[in-house]
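Below sits a lone chain in structure tokens, taken as the form predicted alone.
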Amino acid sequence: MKVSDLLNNGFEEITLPDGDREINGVYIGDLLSWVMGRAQQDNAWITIMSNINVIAVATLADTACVILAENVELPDDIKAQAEIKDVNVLKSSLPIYETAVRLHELLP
């Protein structure tokens, strides 16, 4: 499944510089050092964190996208950095667990 396919399935675009990126799994976490060492390349990373370090960790871990659960907003300056770094960022209004369940239902 491509990141852009999530847009038709209950997820909202924040930044989408590489919507054709394939998602190969899901990682959930808010402790950035933990995510950096454990998220896999091309995972969709679900978090409620919205600071600049999320963009750095997404870049280092080479995740397919970041999904901000629970209607977390991304400040404009961080959104600009995500676009510069080609980090796909989406948003879900659902709680983290329900966001993960929804994503799991969509992945092949």
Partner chain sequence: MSEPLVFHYEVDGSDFTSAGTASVAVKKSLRQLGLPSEVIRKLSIAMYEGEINMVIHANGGTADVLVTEDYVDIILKDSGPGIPDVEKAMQEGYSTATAEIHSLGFGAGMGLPNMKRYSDEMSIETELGVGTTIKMRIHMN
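Positions refer to the first chain, counted from 1. What you see is a predicted model; the values in this text were computed from it and never measured.
Unshown form predicted in complex with its partner chain; subsequent notes refer to it.
Contact between residue 80 and its partner chain in the predicted complex is not found at the 4.5 Å heavy atom cutoff. Looking at residue 71, you'd find every heavy atom of it more than 4.5 angstroms from its partner chain in the predicted complex.
Using a 4.5 Å cutoff between non-hydrogen atoms, residue 76 does not count as a contact of its partner chain in the predicted complex. In the predicted complex, its partner chain lies farther than 4.5 Å from every heavy atom of residue 48. In the predicted complex, the residues of 25-42 lying within 4.5 Å of its partner chain by at least one heavy atom are, in order, 30, 31, 32, 33, 34, 36, 37, 38, 39, 40, 41.
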